[in-house]
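In the structure tokens that follow, the same protein chain appears in two forms, which are kept apart as structure 1 and structure 2.
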Structure 1
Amino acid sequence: MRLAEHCYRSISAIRGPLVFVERVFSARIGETVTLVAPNGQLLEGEVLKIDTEQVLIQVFGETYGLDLEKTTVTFHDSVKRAPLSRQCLGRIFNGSFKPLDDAPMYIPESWGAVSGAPINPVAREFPHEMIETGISAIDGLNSLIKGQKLPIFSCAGLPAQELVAQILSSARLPGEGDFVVVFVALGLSYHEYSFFRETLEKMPSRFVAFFNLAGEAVVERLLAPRLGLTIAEDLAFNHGMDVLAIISDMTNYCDALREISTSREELPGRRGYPGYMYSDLASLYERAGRLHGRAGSVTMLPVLTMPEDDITHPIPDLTGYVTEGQIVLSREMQQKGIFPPIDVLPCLSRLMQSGIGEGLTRADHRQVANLLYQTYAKGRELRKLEAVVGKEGLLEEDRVVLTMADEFEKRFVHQGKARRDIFQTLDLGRELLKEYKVELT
């Protein structure tokens, strides 16, 4: 421990969001610093690297006004922390935790290190209850389970933000419990920002939101999800709440990671993204979970845009390697006017089995889901065949399956702005199966 804060005016270089300071006495890795620009502007930063000559600092915010001569750097002898309190509920912040809602900052009960700490695997409880998103294609066929991380893979131009807004306002627990949403938006356009502000306005105050806009500092995009998750962990594990953390858009996060890695002159990996991107994404996604003997849970729903609609691009690929399934949006569904435009074939919730069925959702859930999926998958196969041999070339029973696939998209996947609870979803599924004489056993 040092006794006083140290202040320096010995910056040797500024490179993008990175600042090099010389002759610093005992800086610590991860220590926070404050920079004061000549015009009085305040910026925060964090120590990344230390050697005998200099200290490397990553600045959260725009480094425009900084210079070498007059800018001062103060070292605070503590790591970056987030202010914790239940008072955060109903509040809206920017990417460095400044209120955007005109209310004053609350007085924290305690502070939590934003980098978090890994959950000890033996302390983890296996996820086993469902969160109802109100979306049939998710709840019915790819259920989201408390403690799971389930990403949404979108394509540029698809209404992912509308889907997020719908889930934001309609997600809840099917049973008892204290449910809140932590929403972190990264690299939003102003238009999207106002859209989300409107959505939040209409919601009861069971949320905390963080907004980083497209014009704002890139480094903040790395910070904001960590602030959000630190808050989420506190609400979940210290206050016993079931927290759904929605982070959108992770593609902006990854691009920020790449940008900063490049300015650090690190060796680029696939498509220029840093080699440690898997570990970095895991340090966020793995913060979802439940703990033995404690109420509360952190469930994560990250949203990302697949560059060039390519699911093998490093961003969706590495995300898929960390998360527990995926919800995939497709252009084809969008063109058919289906909302949400979810293509259920490549979707999967890997933890679904442990969260549904008798006593959790409904006894017939598993069977309804399997039959719908199988029949629809068969219908999609037949569509390909139909394109070759024509409808006439198909057997009568196959034509029925084809119609059913169409109806499934139109009535089950498509739901517009309506919210469906899990029973409505399952009843609708049964109705479809019955109409097309697919038998439940």
Structure 2
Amino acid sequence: MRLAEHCYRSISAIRGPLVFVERVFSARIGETVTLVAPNGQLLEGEVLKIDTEQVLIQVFGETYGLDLEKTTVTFHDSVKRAPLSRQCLGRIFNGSFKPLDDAPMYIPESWGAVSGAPINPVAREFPHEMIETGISAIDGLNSLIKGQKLPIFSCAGLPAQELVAQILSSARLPGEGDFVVVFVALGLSYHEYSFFRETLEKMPSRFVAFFNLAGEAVVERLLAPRLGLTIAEDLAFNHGMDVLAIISDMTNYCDALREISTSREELPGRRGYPGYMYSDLASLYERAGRLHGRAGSVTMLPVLTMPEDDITHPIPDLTGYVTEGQIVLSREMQQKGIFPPIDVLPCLSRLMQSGIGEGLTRADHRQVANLLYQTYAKGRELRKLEAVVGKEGLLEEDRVVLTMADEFEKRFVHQGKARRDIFQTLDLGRELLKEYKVELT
């Protein structure tokens, strides 16, 4: 084990953000390095690959100004660590934890390894209690529970970013509690970055944000979620807060993972993604949860775009293995002018039943959700029959169910930019059921 830093001036090549260093005595994958240019410029990097005495380094930032002979490379014998403090609340950082909000960096109370530590399954507390997103199709029918990981599956061109922005400003606890949002945005265009900055500026300072732009180093795209989750764990388990971690877009993360894997010359797996992508995603998703004897919780809402609208693609497929359900956005709902365009039938929250009901949301929550699902699913089936025999060929009771399915989409799923709390959502569900004579016991 190395106990001291080592400095080198043996760079053999610089290719974009990649730096090759020769005759390195000792290094390890993921080790942090500092590069000092002849003009005094400081750059951070991370070891990507080790081939005998040659080391490949990914630099965080531009490599302009580096010199092959005069640039000093220092290996720190440590992995990347995040500065931990409650002073991070209300702050915006880039993927290397540098402030983007023109405020000085705070003084950390402690440091945490960004790789995190796996939660002992025995120490986990089963998730319960709901987090309100303000979205009826989620809160009423696929409730998000403290400590859960519930991904949002989107398609290219659907308003996933607008839905994320609405959840950012609307999410809160139904009751009392210290609630904060950790938001990590990956591979953003400048337009998307400006959109989210405007959203955050309208929010109270109960958030921490990390932004990685499309033109920035891909290693930062892998680092930013880990920085965000390290902050989330500190706020949750050391400061007793309930933290909602939103990461968008995990497809950009996986593409960065593939790019790094190619740089390391690793053998590709399915569709060119590395074979360890499942365990890599699990190392992020499994950081959500609750601990026995601790007041806080980390709840995760990852957002991903399904390539070619294919839910069997490795990214949504592997995500589905690790997480507890999914929220699915639909092109058909989008074409009907419904926002958010959530298709509730393929949606699922496996932990919903543990966080709703009397004393948690409302005593009739389960029954309202089940009857809405049942009636809407029957209406969707009747649409296929209607396409064959026409509406006039249906029985009267079937025409009523068909009409209710349409009204369910227009009035319950569609809500525009308005926020609905869980009681407004359940009242609207009861109103629809009563209007179309579906009996509640």
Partner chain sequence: MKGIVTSISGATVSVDLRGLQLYDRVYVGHARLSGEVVHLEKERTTVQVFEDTHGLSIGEPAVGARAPLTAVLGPGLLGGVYDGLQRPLQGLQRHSGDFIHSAGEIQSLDLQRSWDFIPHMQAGEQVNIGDQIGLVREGHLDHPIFAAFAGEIEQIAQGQVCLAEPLARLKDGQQLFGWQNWPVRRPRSQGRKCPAEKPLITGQRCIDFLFPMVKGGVAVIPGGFGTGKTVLEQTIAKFADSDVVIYVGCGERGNEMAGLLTEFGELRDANDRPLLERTIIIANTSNMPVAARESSIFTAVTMAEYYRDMGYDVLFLADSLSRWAEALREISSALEEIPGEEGYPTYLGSRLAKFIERAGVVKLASGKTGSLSMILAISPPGADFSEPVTQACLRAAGAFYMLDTGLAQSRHFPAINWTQSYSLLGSKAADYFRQQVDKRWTDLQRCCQDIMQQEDALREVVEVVGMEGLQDRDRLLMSVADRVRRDFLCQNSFSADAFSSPQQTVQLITSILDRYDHALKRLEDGVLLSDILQGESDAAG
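C-alpha atoms forming the largest set that superposes within 1.5 Å between two forms make up the rigid core. Structure 1 provides the reference sequence; residues are numbered from 1 along it. Here the structure is a predicted model, which means the values were calculated and not measured.
A.B. asks: Go through 1 and 2 and tell me the one that is the form predicted alone.
C.D. replies: Only structure 2 matches the form predicted alone.
A.B. asks: For the rigid-body movement between structure 1 and structure 2, give the member of Glu324, Pro174, Lys80, Phe60 that sits on the hinge.
C.D. replies: From the list Glu324, Pro174, Lys80, Phe60, the one at the hinge is Lys80.
A.B. asks: Calculate, from C-alpha superpositions, the turn of the smaller rigid part against the larger part between structure 1 and structure 2, rounded to whole degrees.
C.D. replies: Between the forms, the smaller part turns 18 degrees against the larger.
A.B. asks: When the rigid core is overlaid, by how much has the CA of Pro38 moved between structure 1 and structure 2, in Å to one decimal?
C.D. replies: That residue's C-alpha sits 5.0 Å away in the other form.
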